[in-house]
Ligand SMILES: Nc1ncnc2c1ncn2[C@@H]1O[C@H](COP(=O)(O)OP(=O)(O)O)[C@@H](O)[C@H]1O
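Presented as structure tokens, the chain that follows is alone, the form predicted on its own.
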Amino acid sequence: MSIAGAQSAVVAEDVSKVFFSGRDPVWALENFSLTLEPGSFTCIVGPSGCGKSTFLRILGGLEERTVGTVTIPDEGQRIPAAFVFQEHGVFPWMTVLDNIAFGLRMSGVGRAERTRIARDWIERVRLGDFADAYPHQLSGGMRQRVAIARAFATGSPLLLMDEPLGALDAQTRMLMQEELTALWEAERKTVLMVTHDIDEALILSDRVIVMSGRPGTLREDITVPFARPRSFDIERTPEFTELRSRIWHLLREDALTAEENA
């Protein structure tokens, strides 16, 4: 994985990934290319098993690609990409403060500085009364606030999110979408987020990347036309309905095929 300049985009070119399970190789990704401009918010949607999460793990250095190239920008600190997962993203044996400070600790930031940064983020995600609480004492939405705050607090220019709101109930999910948008607009990190929710992708992102069924390839790269800041009122517009329908029709055939082959 090469390192580019501070203002460089994240670039993946012709990335393929094969897994060997049993006697036959399984191609999860095939010739998948994607460029993420600095400060952009991009969502990936696609049928289950199409390699969305595998691609995130390749970008974050958690998985080796079989072929292709990946270029990640460096902001002078060589901070790795920060991940937010759907669940189990916070450490149950750590307090809220220690969870949020964990990435800073792994980067070698001193105790006083990482505590200061973590306390600032605790306030920003409205958990000021829970700094010494443990995850089992928090609601699902509060635990995800901890995970998101930890990712932002690392200072990484690249945030990789794998269904971060997928385990939440509908009302909590909508609140978290608003909070995530507000944090991103304030910080302008480069965000790549996997979601199965088309509406969520359209509300949060600048672009929606539609992937095919396995092996995952790029079906369509869609620019989201809605101005920021956004509210949920855009869901009632004809433009939103048309775009949602367009994405669903792109996904429907692959979803039916995956169901038939299950």
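From 1 onward, residues are counted along the sequence shown. For the two forms, the rigid core is made up of the largest set of C-alpha atoms that agree within 1.5 Å on superposition. The model shown is predicted, which means the values in this text are computed figures rather than measured ones.
Below, we refer to the form predicted together with the named molecule, which is not included among the displayed structures.
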Handout entry: Every residue of N99, A131 and S139 near the named molecule in the predicted bound form, heavy atom within 4.5 Å
Key = no
Exercise for the section: Answer with one of M193, I209, I203, A28: the residue that has a non-hydrogen atom within 4.5 Å of the named molecule in the predicted bound form. Expected result: A28
Practice task
Please name which of the stretches 50-58, 33-41, 231-239, 217-225 has residues with heavy atoms lying within 4.5 Å of the named molecule in the predicted bound form.
Solution key: 50-58
Practice task
Give a yes/no on whether W248 approaches the named molecule to within 4.5 Å in the predicted bound form, heavy atoms considered.
Solution key: no
Problem - Shift of S21 between this form and the one not shown at or above 2 Å (CA, core fit) - result: yes
